[in-house]
Each structure stands twice: as C-alpha cells, then as structure tokens.
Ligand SMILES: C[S@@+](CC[C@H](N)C(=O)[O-])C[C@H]1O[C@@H](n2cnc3c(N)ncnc32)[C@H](O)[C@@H]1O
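There is one chain below, alone, in structure tokens, taken in the form predicted on its own.
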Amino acid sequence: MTHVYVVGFGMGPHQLTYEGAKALAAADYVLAARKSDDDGLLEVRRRICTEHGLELVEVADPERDRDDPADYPGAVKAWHAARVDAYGKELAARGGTAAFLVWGDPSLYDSTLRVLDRLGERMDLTWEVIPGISAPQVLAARHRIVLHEVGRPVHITTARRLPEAIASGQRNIVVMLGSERNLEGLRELRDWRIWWGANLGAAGERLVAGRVGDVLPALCSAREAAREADGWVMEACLLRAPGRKDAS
C-alpha cells in the first residue's frame, strides 16, 4: 500500500505549518509537476525538500488547453486524467510514503485531491490532507481587513468567472487565479473598491488598495514588479461594490 500526504504550504517554506513539517518528516519523497524548463514554482518546492532532507521526484506536467476553450470543464477533465496516469505510474513504481506540496491550501483551486480520488479507484492508496495558509487569509492579513461585512457573505471565485459573479448579483468578491488578461475587465469596475496582492508571502509581494479607477495603473506596475522579483505572478484580491461598507 502507498500512503500520500497532501501538504498545503502557503507561499513557501516560511509558511509551512508544524503539522505540515511533521507530515514531511514521515514521507519518503515528494512528487511534483514540472510545468516548464524554468519552473520557479517547482524551485520553491525544491527548497522545502532540501530543508527537510527529501528527494524531489519531478513529473512532467501534461499539456493543458489554457486558451479559454469553449469546453473548459472538458479540458480540465482531460488534464486531470493525464495527471492521474503520470502520478500513478510514479507512485506504483516507488510505493512507500509520498507527499504532494500544494500552494496555499488544498481546498481552494487545486486539483491534487481530485487526482488522488481517481488514483484511489485504480490502486491501493491512502491519503491524508494537511491544511495550509490560503491566499485569501494572507490577503486579509496584509491589508488588515475582514473579508466580509458584518453578517454578510463573501463570494470566492476565479478571475475567469468574475463577470458571471457580478451578473448574478455578487457585490463582495474574493478573486483568485488572476492573469494579465483579466486586468482589462477591472476597468469596468472603476468605482469598486479593491484590496489586491501579488505573490503574497514571497520576496516579490506587492499590495495595492483603493478605488479601482484610481489605483489600476499602480496595480499593473506592481504586478510587473512582482514578476521581476520572483519570476512568476500569483494574485488575489477582494472587490467590493460602491456604497458598501469599508472592509475593516
């Protein structure tokens, strides 16, 4: 039987929890996808493995259609199936106790648990999940805000689905998985308030807050500065419609 720890590690070694460190101490190796020849996110995982004396087993990440295909769920499903095959091959060959290092927390916009569910149907596999520090948590901490108003909800979605959320009436929205292409859509929300962060917890961390129409140029510049510092950009923000109470 192969056992797997799915360990959320926030944005780097400094945000790994005590529970996460204990799980890594019990693991024999870490499996991680290599998404490109110059994969800065993989290098962060490598630093964690080095600190904990673990072998990092790289698995070439299967290709995925990232150009907003008409059948987005189908494209993701095919990508997950290819990951099941790739990870399953390594786990079957190595056995023992493996670990996956997940950015942020495994419960938010990560495919690892879905992949393991499918792997568990085809091989003798058990797994445990160790929670990590999520991007919304760090965003709120850095801006010293509460994500929701008193007695009101907060809606969490991706930048790709932000227009859909607004059309459905959402007015207090945490947006994740943003990209440069999504910045253009913010121009239509010029009177909304935004609390934005890029590469939260990393060396290139950048923060911007204010009325969207006032701070969007600064936000774009901060995004490029984060990329320059770290070689990649991960961003999240809280958007709140005009007329709503302040986030604090």
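The first residue of the sequence shown is number 1, and the count goes up from there. Keep in mind the model is a prediction, meaning the values are calculated, not measured.
Here the subject shifts to the form predicted together with the ligand, a form of this protein not shown in this document.
Per the 4.5 Å heavy atom criterion, the ligand in the model of the complex is contacted by stretch 193-201, the sole one of 26-34, 193-201, 214-222, 47-55. Proximity of residue 173 to the ligand in the model of the complex falls outside the 4.5 Å heavy atom cutoff.
Using a 4.5 angstroms limit between non-hydrogen atoms, residue 135 touches the ligand in the model of the complex. In the model of the complex, residue 109 approaches the ligand with a heavy atom inside 4.5 Å.
Taking the partner from the other structure, the ligand in the model of the complex has no heavy atom within 4.5 Å of any heavy atom of residue 129. In the model of the complex, 176, 177, 178 are the residues of 162-194 with at least one heavy atom within 4.5 Å of the ligand, listed from first to last.
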